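A single chain comes next, written as structure tokens; it is the form predicted on its own.
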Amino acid sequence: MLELQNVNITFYKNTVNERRALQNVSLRLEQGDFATVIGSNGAGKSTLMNAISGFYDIDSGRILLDGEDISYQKEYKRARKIGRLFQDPLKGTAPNMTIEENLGLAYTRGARRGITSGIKKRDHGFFVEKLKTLDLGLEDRLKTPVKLLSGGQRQALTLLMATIVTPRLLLLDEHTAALDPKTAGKVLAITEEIVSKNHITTMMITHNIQDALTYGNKTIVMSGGRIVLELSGQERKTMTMERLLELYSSTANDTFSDKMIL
């Protein structure tokens, strides 16, 4: 479903601040793979997602999505096929619009539709059923402006918006980092359920090593703009946090932060 071939990105080219953000990154995810991505600050995790989504142009290499070369495709065109969540719960929604209106916008992603006077009746019922799956009581608050929701409710809604039309790829950029532990756990459980039920190919950046080994079926470790470790299958199932730290120390030039270890 997703393939990167020797992708490179350099920031501030030909200046004293030149930095190679991605260095010959190659990666392959099959349909339905759920890959967690970890690494220290500046490892290239978010840059990798920005390259895939089209926010950053790549210098060289290729990015293929479901066999289609999207290497230099505009970001807005990729957004029809790629869902994305960010660390900040305030991103991804229109705060002054209602829950129903936000879902209406997401539901038309990638479709050519004319201007209508409002949410269609059949869509209203569909939104109610989708919101029920979150188990947050939002199905009874369709007319509530999104700005009145808590961070966890808003992030769960954003997740639903990103997947209400099943994307080819879902990118989760530390989407629970700004939430308290209990709320983060709830959003992660919702994430796993939606991804599994709809068989969505997913990449999730996390700063929690244990979450990286618990969720999904693959773990990618980055350092210095490179992928230094890929774990899957039995190797990943038997991997411990202590052993992963040892492997990381032997292959990377930096160290995990205390935040990641804790």
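Each residue number is its position in the shown sequence, starting from 1. Predicted, not measured: the structure shown is a model, and the values here were computed from it.
Just so you know, the form predicted together with a small molecule exists too; it's not on screen, but the next bit is about it.
Shown alone, this chain has one stretch from 57-65, 229-237, 37-45, 196-204 that lies within 4.5 Å of the small molecule in the model of the complex by heavy atoms: 37-45.
E174 is the sole member of E192, E101, E174, E139 with a non-hydrogen atom within 4.5 Å of the small molecule in the model of the complex. Proximity of A21 to the small molecule in the model of the complex falls within the 4.5 Å heavy atom cutoff.
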